[in-house]
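One chain follows as structure tokens, the form predicted alone.
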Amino acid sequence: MADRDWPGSAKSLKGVILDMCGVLYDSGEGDGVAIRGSVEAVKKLKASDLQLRFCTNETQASRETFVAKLGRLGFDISVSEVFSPAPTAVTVLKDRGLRPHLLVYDGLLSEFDSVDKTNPNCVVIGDAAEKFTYQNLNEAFRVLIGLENPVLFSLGQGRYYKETDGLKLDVGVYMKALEYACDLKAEVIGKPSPMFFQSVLTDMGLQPHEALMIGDDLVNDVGGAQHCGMKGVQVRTGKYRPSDERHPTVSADGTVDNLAQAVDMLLSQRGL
């Protein structure tokens, strides 16, 4: 059962931000699998008077490819509604005149086509999955250690995520390895970065207290949103673990079985 205290503020909300992997679907072989009730839940939100955006740390595919995959799973989502780290990273790189060495999944490389990558003066890592080999990590290390002022960007800092065949290590693990080896602190682009959440709120034209974040990651989704002044609700799907409900520093405003239940509770409170 869901906690029953959080929907009380539903009437004052103007927008909802959804995480994607672990909330809408579980990734895996092929396109992955839609989580039961999530397709209909998105339809209900889109038919309501609430603004809707999708905020993901997905870094294995371009937004166009990612949205097309979700379309095949039954979701009606447009590219303009999706916020992911790579486009934000490109903007930061250009603004600061940085040329990246990329350690990212092949499917994401096209997002960086407009960026000069000659003679790199920084490193960008994303969820490179099987490309996180010793050789590739060591190459990124050598770039960083050879710079007078090394800069490491990490597209998210998740510890793990869930696919249909089980849990998988995420980019945060490899970010920490490079931080330790090079004695530096990475700049995180993506959740839980306040800048990333604020870019979504700005697009919606909303203040933090007017928006609700729903995710499966207690720290990066819920905690990141709360740090920005939003309420955060966790679903018991995706990477959710029972121990999340006893976390020492982050406490969700509500915990629900899945997105479908969260949406039904939210819209019921709004009389919809």
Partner chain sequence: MPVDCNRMAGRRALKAVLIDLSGTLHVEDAAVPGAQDALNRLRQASVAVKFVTNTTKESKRILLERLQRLNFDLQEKEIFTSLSAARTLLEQKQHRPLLLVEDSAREDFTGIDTSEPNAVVIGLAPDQFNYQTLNKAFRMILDGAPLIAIHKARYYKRNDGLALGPGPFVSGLEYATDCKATVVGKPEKTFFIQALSDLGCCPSEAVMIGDDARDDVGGAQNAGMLGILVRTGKYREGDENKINPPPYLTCASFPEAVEHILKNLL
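Note that the structure is a prediction, hence the values are computed from the model and not measured. Numbering follows the first chain given and starts at 1. In this text, the rigid core denotes the largest set of C-alpha atoms whose superposition between the two forms falls within 1.5 Å.
What comes next is about the form predicted together with the partner chain, which does not appear here.
At a distance of at most 4.5 angstroms from the partner chain in the predicted complex, all three residues 129, 157 and 160 contribute at least one non-hydrogen atom.
In terms of contact with the partner chain in the predicted complex, the residue from 75, 112, 196, 141 that brings a heavy atom within 4.5 Å is 141. With the partner removed from view, the residue among 186, 137, 201, 92 that has a non-hydrogen atom within 4.5 Å of the partner chain in the predicted complex turns out to be 137. Just one listed stretch, out of 117 to 125, 81 to 89, 94 to 102, 142 to 150, contacts the partner chain in the predicted complex at the 4.5 Å heavy atom level, and that stretch is 142 to 150. Contacts between stretch 181 to 207 and the partner chain, counted in the predicted complex as any heavy atom lying within 4.5 Å, involve 181, 182, 183, listed in sequence order. For residue 140, the Cα coordinates differ by 2 angstroms or more between the shown form and the other one after the core has been superposed. Relative to the superposed core, residue 189 shifts its CA atom by less than 2 Å between the shown form and the other one.
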